[in-house]
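What follows is a single chain, given as structure tokens, in the form predicted on its own.
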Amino acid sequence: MPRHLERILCLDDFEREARRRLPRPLFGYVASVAEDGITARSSHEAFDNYAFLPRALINVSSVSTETELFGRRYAYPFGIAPMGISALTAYRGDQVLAQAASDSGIPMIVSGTSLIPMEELSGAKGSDWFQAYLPGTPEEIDALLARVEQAGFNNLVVTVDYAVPPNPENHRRAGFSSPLRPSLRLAWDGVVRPRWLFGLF
């Protein structure tokens, strides 16, 4: 295990490590939530309503975390959600995520805004899930679907909450834009985070 991952003891630690490793605009993009975060807080509160009920002296030899979805068995009932421009957070970040998901037996949804061509992210050591923002005409939709199918994806996740572009206030506060705009602050962030800078390039 890499030394810097030895500090990761729970899921929240990943966010602290990412804050230390990534330039401020990229961390702001990865960690941001929509608008003022009401939906994100509500989701956390909903999950807080669930708890494990410990039972002692119970035979657990046949307990399994496996689940089936669309005719395929997965090792766990969760996966990796799509996140655009992952390749800016780590060298070929989308490919790293797809490989890790494949190795772990969980689904990973390739983002429609990946910086790596979709054809490089599908297959035996990749993903068979793809997320799409559908274009505006039937001809463009047909062309996209044909490419997704030809690339080898079996599952399509269509994003439908983008009829009106969001107000990315958290992105603006962090200085994030797509594409990233060169600035003295961004250059400084790269200089003081050499592991990210050299790892990315």
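Residue numbers here begin at 1 and follow the sequence given. No experiment lies behind these values; they were computed from the predicted model shown.
As for the form predicted in complex with a small molecule, it is not shown, yet the points below apply to it.
The small molecule contact at residue 107 in the predicted bound form, heavy atom, 4.5 Å
The answer is no: residue 107 has no heavy atom within 4.5 Å of the small molecule.
| Looking in the predicted bound form, any heavy atom of residue 126 within 4.5 Å of the small molecule? | It does not: once the small molecule is placed as it appears in the predicted bound form, residue 126 has no heavy atom within 4.5 Å of it.
- Given that the partner is absent here, does residue 145 sit within 4.5 Å of the small molecule in the predicted bound form, heavy atoms only? Contact check for residue 145: no, nothing within 4.5 Å of the small molecule in the predicted bound form.
*Using the partner position in the predicted bound form, report whether residue 134 sits within 4.5 Å of the small molecule, counting heavy atoms only.*
The answer is no: residue 134 has no heavy atom within 4.5 Å of the small molecule.
Q. With the partner removed from view, which of 52-60, 27-35, 65-73, 137-145 is the stretch that lies within 4.5 Å of the small molecule in the predicted bound form, judged by heavy atom distances?
A. Single hit among the candidates: 27-35.
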